[in-house]
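Shown here is one chain on its own, the form predicted alone, set out as structure tokens.
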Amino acid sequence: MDLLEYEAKELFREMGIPVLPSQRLDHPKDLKGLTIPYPVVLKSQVHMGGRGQVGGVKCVENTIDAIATAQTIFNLPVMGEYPKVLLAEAKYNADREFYLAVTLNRSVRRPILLGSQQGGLEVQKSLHKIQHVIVEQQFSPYYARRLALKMGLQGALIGAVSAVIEKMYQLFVQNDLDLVEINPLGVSAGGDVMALDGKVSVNDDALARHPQLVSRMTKLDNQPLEGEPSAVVEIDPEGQIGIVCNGAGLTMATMDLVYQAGGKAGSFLNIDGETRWDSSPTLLKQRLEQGLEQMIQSQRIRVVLVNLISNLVSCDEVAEVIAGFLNRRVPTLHTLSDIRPDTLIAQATKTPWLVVRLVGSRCDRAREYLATAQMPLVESLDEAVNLVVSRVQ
């Protein structure tokens, strides 16, 4: 589970990592009680990246402009996700921007420190310049200074950046995290450093040992995280294929296979995987049902590929949700004779074809459920992709 930026910076502040004065905003009217002097930067708090490119980060000079800008950002989706909270933060004039991270090297099963003098948006263009140091034994300041030197830092910057790396590592270990990232670490003309943006990924399996992290993730409106899936993301106005998957990796892989087979994905929907800390069978089935309803709203999507890998929810339970959805959307066979042909054609054109591929337990029973809705279960992903592309063509 990824924390939002303002949640990550709360951890940074507690650990002694330098962060700017900031204030959480639950509503544009909260700006009337802003305690930070203008100019301030308003930031959309979403889990998706790329918010700056779509207008989710704006600098404002006064309260009137701030309220109008906040209203715009609250209604601005970033990869289908709408913010429920904004962060108002003091403006910082950075002379340079660095990249720092602490994560796990799963190949050697050891923590690894990452750093580069190219931070912010530039880090994506210069991945080959990211330096790394594997923490092979018990951590000591030596590892942090070694990374600073490999980054090419000199003088007082070595000590300033090393101190931040040490605190990042302490935060990483003490909370059993998967990732602590600062991008960018701003450096002023005087050599002061400041964490201008931060990302913290929590290890879901370790949450039982860290109830304080759970409380941070559930305190939006004092409610648990909601169960509905993210909104459908439109990606190609010419695409006629919709993709429904569970998990970001599976979604991207499925999209790649569709394009390789000559198809165009018009939209996709990730209903989230089973590794979320709040996952439950009921919640996942609810996301799937609501996700299918969202996906078929598009008038240009002709075929929907449902590709799910399920463990927490067995395949027959998933198939039961899909079959129930189809039976509600499409007339059953014994009522077709009662429907006028023009009405049936109109209803059929409004409901895209579904191609279903499931991986998990009790697939035989899943096949039986889908057979009642005249929907075959495709075992091979390649076969499912080819079937989807041929249906469109």
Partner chain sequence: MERTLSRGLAQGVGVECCMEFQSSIWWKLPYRYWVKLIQRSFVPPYAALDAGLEAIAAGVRQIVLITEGMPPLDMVCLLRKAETTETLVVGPNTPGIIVPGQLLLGIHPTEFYTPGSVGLISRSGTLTYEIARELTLAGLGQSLGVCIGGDTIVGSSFPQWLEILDEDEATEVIVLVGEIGGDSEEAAAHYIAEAIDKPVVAYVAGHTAPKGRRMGHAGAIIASHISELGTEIGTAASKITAFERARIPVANYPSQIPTLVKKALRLLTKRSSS
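Numbering follows the first chain given and starts at 1. C-alpha atoms forming the largest set that superposes within 1.5 Å between two forms make up the rigid core. Quantities reported herein were computed from a predicted structural model and do not represent experimental measurements.
The discussion below concerns the form predicted in complex with the partner chain, not included here.
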- Query: Looking at the partner chain in the predicted complex, do all three of V41, N62 and K285 come within 4.5 Å of it through at least one heavy atom?
  - Reply: no
- Segment assignment from 69-77, 85-93, 151-159, 109-117: heavy atom within 4.5 Å of the partner chain in the predicted complex: 109-117
- Query: With a 4.5 Å heavy atom cut-off, would you call G249 a contact of the partner chain in the predicted complex?
  - Reply: yes
- Query: Would I296 show up as a contact with the partner chain in the predicted complex if we use heavy atoms at 4.5 Å?
  - Reply: no
- Check whether Q212 has any heavy atom within 4.5 Å of a heavy atom of the partner chain in the predicted complex, and answer yes or no. no
- Item | Non-hydrogen atom contact P28 with the partner chain in the predicted complex at 4.5 angstroms | no
- Item | Contact residue in the predicted complex, chosen from V303, A163, L257, V187 - any heavy atom within 4.5 Å of the partner chain | L257
- Members of 173-207 lying within 4.5 angstroms of the partner chain, judged by heavy atom, in the predicted complex: V173, D176, L177, L179, E181, K199, N203, D204, D205, A206, L207
- Message: Taking 2 Å as the cut-off, check whether the CA of S361 shifts that much or more between this form and the one not shown after a rigid core fit.
- Response: yes
- Task: Indicate whether D382 shows a C-alpha shift of 2 Å or more between this form and the one not shown, with the rigid core used for the fit.
- Result: yes
- Message: If I superpose the two forms on their rigid core, does the C-alpha of P237 end up displaced by 2 Å or more between this form and the one not shown?
- Response: yes
